[in-house]
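Only one chain is shown below, in structure tokens, and it's the form predicted on its own.
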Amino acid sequence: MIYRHLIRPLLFRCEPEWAHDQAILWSGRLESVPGLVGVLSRLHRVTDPRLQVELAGLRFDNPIGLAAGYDKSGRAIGAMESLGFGHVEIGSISASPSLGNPKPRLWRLPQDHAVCVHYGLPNEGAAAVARRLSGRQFKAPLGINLVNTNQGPSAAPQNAQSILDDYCISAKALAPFASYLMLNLSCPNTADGRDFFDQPGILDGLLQGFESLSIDVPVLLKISPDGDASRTDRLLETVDRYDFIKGFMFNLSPSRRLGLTTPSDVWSRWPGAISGRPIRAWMDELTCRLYRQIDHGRYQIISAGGIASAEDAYRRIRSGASMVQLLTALIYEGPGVVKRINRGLIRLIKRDGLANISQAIGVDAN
């Protein structure tokens, strides 16, 4: 209530990207205060064996994760972890540093509890992030999201091999610090990131490169939400040959603007992708469709998009997700949202007579 009625109105008077940058800055500084992260963790963490899940051989205390895009360069992992997340995913991170797209590149749509994102993958680069992570340990599993370097709108086009090499350079630098790697194959806000991996042989080339690296952590793929089931079938034909790929999640769409109640004259000139409540039902449907297509003994799904309550998370899990992630909900609901969701999930598990949240995975997709 304090966040919604006092803090959020003040933050929403500030430019969105500035407010986000300040949140990361001060969260990182909190980590330097002795004992503070531990206190925050005790306040926010919900401990219950019914919430524990496994994905790709990793154990998670609860199924709620922080989505990539919030902590782009791993500057506040401990503080984010202390909010009660079962895992934290940082990035997207590229081999070289990137400034991302020109500003402005983040807009709020309060009427829809949504944001429009056109960051273009700004990050400090794999080497800088690796130095920051060196020697650090975290209680929750750490996912690291990798992507090709965005050289900017005026840069010359990259050839295919240089893009594939970019991923491999980042993976070699950051895999030693990751619980899992997420390969961002479909960034909606860069020209190279949208359809590049739909070209014949490109994804196969990337996975061959990763196979040669002998990375010993699970690898998942973040794929485009656009297209029909046949697009996913084609992807699976390639991926099935590589045992180290353990699962998938959907990215945002660069074009989908359905479900917005905010008048179009407010947002029609904004580039970028919509995140938050307007894509919730669509992501439920996509998760359900993907769950029906995959081999459940081989692959698992992490799902994001519109998760802001226990009911949202539970419905997405029942649609086929093993775990869910959130980001926009932090903006609108505040730092207590993870605790509220986890408490609500316990209530829903108890209501349905389940011994563990994993028993709900995919029950509405069959």
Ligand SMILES: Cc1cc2nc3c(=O)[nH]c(=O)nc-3n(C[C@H](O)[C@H](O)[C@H](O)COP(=O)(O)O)c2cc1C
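Throughout, we count residues from 1 along the sequence that is shown. Note that the structure is a prediction, hence the values are computed from the model and not measured.
Not on display, but discussed next: the form predicted together with this ligand.
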Q: Assess the spot marked by L121, N251 and L326: is this ligand within 4.5 Å of a heavy atom from every one of these residues in the predicted bound form?
A: yes
Q.
So, A128 and this ligand: in the predicted bound form, are they within 4.5 Å at any heavy atom pair?
A. no
Q: Give a yes or no for A321: in the predicted bound form, does one of its heavy atoms lie within 4.5 Å of a heavy atom belonging to this ligand?
A: no
Q: Answer for G84 alone: is it within 4.5 Å of this ligand in the predicted bound form, judged on heavy atom distances?
A: no
Q.
Given that this ligand is not shown alongside this chain, does L106 nevertheless sit within 4.5 Å of it in the predicted bound form, heavy atom to heavy atom?
A. yes
Q: Select, from the options 33 to 41, 297 to 305, 334 to 342, 50 to 58, the stretch whose residues sit within 4.5 angstroms of this ligand in the predicted bound form by heavy atom distance.
A: 297 to 305
Q | Contacting member of V115, C288, A175, L164, with respect to this ligand in the predicted bound form [4.5 Å, heavy atom] | A | V115
Q. Relative to this ligand in the predicted bound form, which residues of 51 to 74 have a heavy atom no more than 4.5 Å away?
A. A67, A68, G69, K72
